[in-house]
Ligand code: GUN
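Below you'll find only one chain, the form predicted alone, shown as structure tokens.
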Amino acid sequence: MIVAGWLMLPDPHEGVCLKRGFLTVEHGVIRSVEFGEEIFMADMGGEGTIVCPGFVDAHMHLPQVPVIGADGMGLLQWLERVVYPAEASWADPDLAAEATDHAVRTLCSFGTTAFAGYATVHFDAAKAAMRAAAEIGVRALIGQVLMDRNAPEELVRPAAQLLQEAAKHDQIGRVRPAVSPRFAISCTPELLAGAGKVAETTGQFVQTHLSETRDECAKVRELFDGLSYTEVYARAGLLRRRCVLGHGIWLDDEERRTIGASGAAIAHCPTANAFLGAGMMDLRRNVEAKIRPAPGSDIGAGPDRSMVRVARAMLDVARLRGELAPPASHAWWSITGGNASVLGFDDTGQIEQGRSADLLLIEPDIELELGEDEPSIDPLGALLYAWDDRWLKRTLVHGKTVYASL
């Protein structure tokens, strides 16, 4: 199969760039990438088509897709009234599989072909979710949620049981397990320390939440003898390079230095932070502390399923904080190759020989100054800020069409 158009490629200085060319796909893998003006015998794409790597979402919740838009509450109230009831329904693994299939296909319809996602506390449901995602073919991290306190009775388990179950999860297809303590409030010190040991012995990725709201941070200090949120995780052995911390809004400089030294990344979820009124992450300070930023939708607190909108919101937040926002080319990199690198997905996120053909065919209905040496309007900026989900015409996962617009 030949896919042709303007290829979105990594650029070591600019994040990404657009070059005219085509690529060949065999058995779901990109076999070659060629450049030039002439395009012959294209099976997909062509003049005016932008061929983009599939988007990568660094932080989302599979069971929360049906509850997007539950407005008017802060984080802790929202969890109690909306999220926990939705997650309780995953006691039925068949329902979990069906819900995951719907959620993943929905993500693909917005261009997301890889993600780090949370399931629920239910072992069988987490397995079912992994199998359902693997059947579609996406690259993913999916974690069974770990909670042993401060949650509804039907959603807590003994720490020993949860740790045994977490260690049993294995890779299914392109889907890997992740050690996923929900957040410090819902975990005893024993569970957090055990989760750190499971991650160490199995090599699994760690995903959890950190410092999303002030009330949450105050509760953590109350539960953990005055320790900072970051120190709680550091003592549990959870901070490591293979770790993504959701939100990271209310951090002091010492916490930032600790996270930066550990190599952990922070999932920047600007649309979710705005929706719950949690605050605005300080991207500049985090980057200065050598913390890797990884944009995430945080569905269902995040109301936007499109990672393009999340990337745009990331730049908007920087401007609202009075900072110099990164250029659009870096925003495109962050939701493709950047997030893939953070999550350890070495087979996706870039248009490159040998990588999986996780691709998007985009046909903008605005005029872009493509191929110009000095365009009056940056085409990548126009693509980001004028983005219309209707421009996404086809989503390929490992070379197979999983979404096509009518």
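Start at 1 with the first residue shown and count on from there. Keep in mind that what you see is a predicted model, and the values were worked out from it rather than measured.
Missing here is the form predicted together with ligand GUN; even so, the following discussion is about that form.
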### Task
Give a yes or no for R176: in the model of the complex, does one of its heavy atoms lie within 4.5 Å of a heavy atom belonging to ligand GUN?
no
### Message
Contact with ligand GUN in the model of the complex for L276, defined as at least one heavy atom pair within 4.5 Å: yes or no?
### Response
yes
#### Entry: Touches ligand GUN in the model of the complex: H247 (any heavy atom, 4.5 Å)
yes
### Query
Does at least one non-hydrogen atom of L75 fall within 4.5 angstroms of ligand GUN in the model of the complex?
yes
### Candidate spot F110, D358 and K393, all three touching ligand GUN in the model of the complex (heavy atom, 4.5 Å)
no
### Task
Choose from 237 to 245, 148 to 156, 206 to 214, 125 to 133 the stretch whose residues reach within 4.5 Å of ligand GUN in the model of the complex, heavy atoms counted.
206 to 214
### Summary
in the model of the complex, the residue from M314, A265, A328, L79 with a non-hydrogen atom within 4.5 Å of ligand GUN is L79
### Query
Considering A301, A140, A96, V104, which brings a non-hydrogen atom within 4.5 Å of ligand GUN in the model of the complex?
A301
